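Take a look at this single chain, the form predicted on its own, given in structure tokens.
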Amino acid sequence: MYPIPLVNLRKYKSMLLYFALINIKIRFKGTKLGVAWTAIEPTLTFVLLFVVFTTIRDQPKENFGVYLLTGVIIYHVFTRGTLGGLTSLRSNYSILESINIQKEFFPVVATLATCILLIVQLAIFFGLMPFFQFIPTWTIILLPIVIGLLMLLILGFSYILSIIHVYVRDIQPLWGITVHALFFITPIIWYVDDIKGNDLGNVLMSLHAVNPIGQIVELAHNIVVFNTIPPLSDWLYTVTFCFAIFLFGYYVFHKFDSKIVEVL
């Protein structure tokens, strides 16, 4: 019988933050700007996309800048979070080999590190809003719920990917290609309403429906940009999707975690 998710890490709670901070330090080891890259990378991506798409579009939609920025930051957090979770077991092999610790500890640490770095990205997010003369309404108070679902999704994928990476190292470049593909089927540079009604749009909508991050981006767009509360059906679908990935990942992880050190 599997333990309740995360409950068995209670005795390590004092270590989680410490290891998360070490994780962040290692991620940026050797770079001149360090943690600043957490803000610089998505900001440069946003600026490039904003310049390109406001140039090729005669009349960009209202608040397109904030719309684009919202999608870019969520996508960036998901990408970096899952890639960090993917390597969390192999990169801590020496610790796993030398001390008796729950294997689940390391994907959780990687996700916690992502959550900490998100604070920096949110500062950029809100800091750029005045540049676009955008003032969010009260609906933005629901954004922490969306962020919580995003973290849950990242942790679920981290469980799955870290275990696969133990057995198949090729998963790292394959996942890199996958997240690049997800960028184009996620409503970041396009709007859902714009693609409805044609064959290509129907294909894209079908992919969007099963896109693990697309639903989260759309919830954020509604809350932040469109100042509306998404319908209950959208919330239920996204919550169910995220919890399903999380629980499946947790199941897969604990099914194979007993052989991690042996395989590594």
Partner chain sequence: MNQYAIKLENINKSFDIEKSKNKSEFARLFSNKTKLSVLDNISLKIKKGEFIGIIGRNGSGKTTLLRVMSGIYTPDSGRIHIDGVVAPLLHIGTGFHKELNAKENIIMSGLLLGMKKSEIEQKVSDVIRYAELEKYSQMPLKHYSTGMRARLAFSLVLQIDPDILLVDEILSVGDKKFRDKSFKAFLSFKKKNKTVVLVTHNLGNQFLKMVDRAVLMDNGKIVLIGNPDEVVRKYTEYQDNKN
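Here the structure is a predicted model, which means the values were calculated and not measured. Numbering follows the first chain given and starts at 1.
Although not depicted, the form predicted together with its partner chain is the subject of the following passage.
Open item on the list: Please pick out the stretch from 223-231, 22-30, 44-52, 65-73 that is in contact with its partner chain in the predicted complex, where contact means heavy atoms within 4.5 Å.
Closed with: Of the options given, it is 22-30.
Task: is_contact(C115, its partner chain) in the predicted complex, heavy atom dist at most 4.5 Å - done: Answer no; every heavy atom of C115 is more than 4.5 Å from its partner chain in the predicted complex.
Open item on the list: How about L247 - does it come within 4.5 Å of its partner chain in the predicted complex, if we only consider non-hydrogen atoms?
Closed with: So L247 does not count as contacting its partner chain.
Open item on the list: Please determine whether E97 contacts its partner chain in the predicted complex, using a 4.5 Å cut-off between heavy atoms.
Closed with: It does: once its partner chain is placed as it appears in the predicted complex, E97 has a heavy atom within 4.5 Å of it.
Task: Contact of I101 with its partner chain in the predicted complex (heavy atom, 4.5 Å) - done: Residue-level check for I101: yes, a contact with its partner chain.
Task: Within 4.5 Å of its partner chain in the predicted complex, all of T87, L149 and A209 (non-hydrogen atom) - done: Checking in the predicted complex: none of T87, L149 and A209 is within 4.5 Å of its partner chain.
- [ ] Work out which of I141, L174, I135, V168 lies within 4.5 Å of its partner chain in the predicted complex, going by heavy atoms.
- [x] Selected option: V168.
TODO: Enumerate the residues of 236-258 that have a non-hydrogen atom within 4.5 Å of its partner chain in the predicted complex, in sequence order, or give none.
DONE: If the 4.5 Å heavy-atom criterion is applied to its partner chain in the predicted complex, 236-258 yields only S258.
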